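Two forms, one protein chain; structure tokens for each follow separately as structure 1 and structure 2.
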Structure 1
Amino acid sequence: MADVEFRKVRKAWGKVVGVADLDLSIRAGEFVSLLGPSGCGKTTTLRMLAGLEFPTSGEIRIGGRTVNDLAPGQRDIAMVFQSYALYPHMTVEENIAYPLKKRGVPRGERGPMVARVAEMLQLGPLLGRKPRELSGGQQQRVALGRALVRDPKVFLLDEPLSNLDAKLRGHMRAELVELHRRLGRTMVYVTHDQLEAMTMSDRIAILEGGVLQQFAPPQEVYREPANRFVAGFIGTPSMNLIDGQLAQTGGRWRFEAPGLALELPALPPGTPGGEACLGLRPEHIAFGSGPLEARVALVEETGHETIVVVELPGGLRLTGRTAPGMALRPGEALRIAPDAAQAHLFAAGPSGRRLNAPAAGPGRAAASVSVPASAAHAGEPS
């Protein structure tokens, strides 16, 4: 059953298009991330769902009910703002109790409800403080508490972790996933951080320029990017995207670019030849031996792996990753072996659609995404 539904939703301010004809259907209890670069329309989408922004056209439904004409307070949603938006003159306790008070929950019932949330988020000792007396992480928890206290149908979160330091962010990520698992509520989570989206979501909606590019589970988005934009956007370091020519000779597909020629596995019938774009994840290039000649251009040691940029004779640059300890020096010549079975193929152009089927089996991709297995699975609806 769809819990949240966007039907041909469009938002434009004059000539500026924030969101273009969005169709999105979110299942009850799902954790969905809206992911994309700055200005792609994530916040606009979330704010339309919250009722803080009105769609230019289209329909938004929550729990099967059209909410276009409902005020934010009537939509049975709760939202955590990027700036937290805590009421500065109220104590933590009053902040958390405020939505209850405004919905006419009797004073006597509010206490236990606030206490339950405070317990869940470990806010007990902070209840008497004002927001300005709290650290960023504590404020974030209070904002979360104010959203949780009411048990709404849908939770909306707009980059709630972006003001926290890296360590706390990692911690809160795990807490949010755990919270989602416990509450089993629908959550719509806006972020521009793909690690957050990959580790927390059941499904990720990737937006670019107000247009939905792909809506799929994290592993699928990684292994089977729907188009060239998603391919380049997901994954660090990003996928190598090589423009070249695709040709079929004697039933075999060949991709050619300056300094690079690859035999490809069979492509679906009807695939057009000519200009195309080949995508290769850094982990799908082996170093040391192979058919291609290259020269090391750049080496980056990150500690747990080494990022290597090599240059092919034609001037093409490829990024790869290897285990640390492989002594590579810039300028050094070496042989490389791209794994053609794992290659992605896209139509030409900046957002060319995918042409080939994904490689069979999890391959090396699953192992190399930095997704803690526990966190990824905890995100599935229970």
Structure 2
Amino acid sequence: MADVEFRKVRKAWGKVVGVADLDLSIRAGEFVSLLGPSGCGKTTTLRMLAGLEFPTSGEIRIGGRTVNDLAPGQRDIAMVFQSYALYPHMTVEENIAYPLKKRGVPRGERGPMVARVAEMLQLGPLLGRKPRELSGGQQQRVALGRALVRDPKVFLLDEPLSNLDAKLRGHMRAELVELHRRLGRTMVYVTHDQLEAMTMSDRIAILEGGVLQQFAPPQEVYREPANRFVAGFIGTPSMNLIDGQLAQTGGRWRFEAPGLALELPALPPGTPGGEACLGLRPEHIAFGSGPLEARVALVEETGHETIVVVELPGGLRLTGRTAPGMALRPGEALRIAPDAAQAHLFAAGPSGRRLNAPAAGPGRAAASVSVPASAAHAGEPS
């Protein structure tokens, strides 16, 4: 296994920048996901690591060796693509053995190596079949086997589960986690699916517009998002992001938006007042009691929970989640209580950087929420 480093790596096509000055250090044996929306630069980053694209500037290192000018075959990496890219005229055994044949491994040595990988991936009974005779999950395991048989230092996986149905994706996620645990190899995994990244990764690198936004363990990304973009991207349903005004009066901080006034716990010294963005996770809004009046706009029953969208008198809409069985109907009036201790604050402007660290556990916010006197006449949120 080997560590991987990106040092001020930039990739541009004329004036179009795909990746901007990326600094990223992946530890040997770590499972790291590159996560972000389409066009964020995650696949370009992986392709540069694989040698399928060359950086405009900067340095890429694998195991302490600079690989910028090395061909893919010289980097000791193996890549699994979104499309399985199996040879249709070859059997499963021949597909897995093909990389060994290309490297000149004697025929007599290939059999035991293929058998070991086939046993690991439970492909033994399928070795004589052609790809057209396999299910999507089986084809994906063959593609993994073709990568595993090379025993590389680093595995690169480019959205390998996106062609599978939901049930099979869940099964394959568990298989990949177990495979990583057994092999202990460095794995770099590209995905746009935050569930995959959150459940499989040691750390997640979140990109947007070619820029690294945050690189941290999954729970840290969820609980302490570095900026507004990460806060809104991670989590389902998304975090409520409310534009408003932050002010300090008599030593107390207060956030106000149309129909909402929230007294906040102490903020770090030097926190600027004025325009700001308040973030509330759906699970940090209590329904059925509290100081705020609201009206139910939408109810989504998912089975294990209920997603509720409510509208405040000022027109502001908030999304919350609650346990199943809470009988709510669109148009119904109810009271809610946002948890002020769990509120996130982000700066206004392009950076949207986080200004505070919410409490580690559930807070008690009901007493610190109020309805502005002007709420009945407030306009739409800014």
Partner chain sequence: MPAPRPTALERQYARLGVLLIAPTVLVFCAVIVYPLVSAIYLSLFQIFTPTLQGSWVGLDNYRALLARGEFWTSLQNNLIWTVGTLTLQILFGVAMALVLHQNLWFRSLARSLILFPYFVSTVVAVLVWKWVFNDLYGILNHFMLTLGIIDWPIDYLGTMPNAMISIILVGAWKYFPFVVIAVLARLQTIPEALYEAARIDGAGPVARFFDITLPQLREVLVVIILLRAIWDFKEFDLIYLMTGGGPVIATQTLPLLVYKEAFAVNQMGMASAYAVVMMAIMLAFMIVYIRRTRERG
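Residues are numbered by position in structure 1's sequence, first residue being 1. Heads up, when I say rigid core I mean the largest set of C-alphas that superpose within 1.5 Å between the two forms. A quick note: this is a predicted structure, and the numbers were derived from the prediction, not measured.
- Between the two displayed forms of this chain, it is structure 2 that matches the form predicted on its own.
- The Cα position of residue 81 differs by less than 2 Å between structures 1 and 2 after fitting on the rigid core.
- Relative to the superposed rigid core, residue 227 undergoes a CA displacement smaller than 2 Å between structures 1 and 2.
- In this overlay on the rigid core, residue 313 has a C-alpha that sits less than 2 Å away from its partner position between structures 1 and 2.
- Here the rigid core is superposed, and residue 351 then shows its C-alpha moved by 4.3 angstrom between structures 1 and 2.
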